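Just the one chain here, laid out as structure tokens, in the form predicted on its own.
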Amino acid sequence: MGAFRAALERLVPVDRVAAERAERRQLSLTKPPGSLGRLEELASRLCAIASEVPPPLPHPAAVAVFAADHGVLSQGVSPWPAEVTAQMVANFAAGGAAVNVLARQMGARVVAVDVGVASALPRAGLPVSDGDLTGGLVGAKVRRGSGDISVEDAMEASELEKALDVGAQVATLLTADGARCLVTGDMGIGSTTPSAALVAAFTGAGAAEVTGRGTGIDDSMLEQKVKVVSAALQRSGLSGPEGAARARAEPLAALAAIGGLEHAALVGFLVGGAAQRVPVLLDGVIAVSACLVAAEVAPLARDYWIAGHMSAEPGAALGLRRLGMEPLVDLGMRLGEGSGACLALPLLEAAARTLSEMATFDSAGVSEIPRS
């Protein structure tokens, strides 16, 4: 059994009884009921995930940046060349990217995972099978970039399975190494095109509704990108309400048809993190599109995922609405890498600490507010 299938087998529901105990504890703390707003809801969710009241701190965290290239880039959907993917992976490994800076501030580690980079990397990471993530760069290449989704499937079934396993393996290794919260990261020039296609496929929205400017493309390139997303949906039979029904019925087939290798690895990571019973913090539209797939494959895993931030890409809002998730922060970010989700890490820790460390009315000698 591969790592992904093994993670599916280990999934259990979150502990609703622990969540109820957390809610009762909130009522005993020295504050008016509900006065901490969403922090109280977050604390209850962390208790349900860990089956502990109060919950363990979601610290330290680990960001896994899954990197891959996309054949659809040849259709003129981005002004950036594919070589930038490999260059940015080297930047992650060297600690110089935005996500590295933000992760350091939050006390989190960053691991870059080459699951499908087309160009040669300046240095190869250790194979994921070695189980050693200390170098910050993991070599897990399934193939050199995905197929052009406007004219062919992104990957074969066997390649999909390998990418799913990579994500699940990385989640398992990071938690075994002490991570108490996982953060989704991604890198791949052209990645917002398959992300838009996935969001459209799983929500039934039109290509124009879900397709954004990505790295900042102009109007003519945006028009071309919409056409490419529409062509991918039409080719794969995943457009409109009928296409959405088909995608939800066969989510992994839809992923293989119009997704990317990093999307597949993220699906494995989302399920693998849930199987390890730790919170998984979602970043932007690439993570949201992968989450739409994972939610259909593994419904039990959904309660382990928390939306970190709202990406400026239009597909992110549509995808989160479909998932019933409300992001923790909204700063207009659209960088990817895991950068937006990193900024939400202190909120998770604050939620856990308030439930754990605040005095109760009895312990502090404070009179309770009368409740009718």
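In this text the structure is predicted, and so the values were computed from the model without any measurement. Note that residue numbering begins at 1 and tracks the sequence as displayed.
The following text describes the form predicted in complex with another copy of the chain, which does not appear among the structures shown.
J.: Any idea which of 131-139, 101-109, 202-210, 150-158 reaches within 4.5 Å of another copy of the chain in the model of the complex, heavy atoms considered?
T.: It is the stretch 101-109.
J.: I'd like to know if K31 sits close to another copy of the chain in the model of the complex, meaning any non-hydrogen atom pair within 4.5 angstroms.
T.: Although another copy of the chain is absent here, K31 would touch it in the model of the complex, with heavy atoms inside 4.5 Å.
J.: Closest heavy atom of P346 to another copy of the chain in the model of the complex, within 4.5 Å or not?
T.: Although another copy of the chain is absent here, P346 would touch it in the model of the complex, with heavy atoms inside 4.5 Å.
J.: State yes or no: in the model of the complex, is some non-hydrogen atom of P81 no more than 4.5 angstroms from a non-hydrogen atom of another copy of the chain?
T.: Contact check for P81: yes, within 4.5 Å of another copy of the chain in the model of the complex.
J.: Would V14 count as a contact of another copy of the chain in the model of the complex, using a 4.5 angstroms cut-off between non-hydrogen atoms?
T.: The answer is no: V14 has no heavy atom within 4.5 Å of another copy of the chain.
J.: Between the options G96, P299, G237, P127, which residue brings a heavy atom to within 4.5 Å of another copy of the chain in the model of the complex?
T.: Comparing distances to another copy of the chain in the model of the complex, the residue within 4.5 Å is G96.
J.: State the residue from S230, S119, N91, T175 whose non-hydrogen atoms include one within 4.5 Å of another copy of the chain in the model of the complex.
T.: Of the candidates S230, S119, N91, T175, N91 is the one lying within 4.5 Å of another copy of the chain in the model of the complex.
J.: At a 4.5 angstroms cut-off on non-hydrogen atoms, which residues of 36-54 are near another copy of the chain in the model of the complex? List them in order.
T.: Sequence-ordered list: L36, G37, R38, L39.
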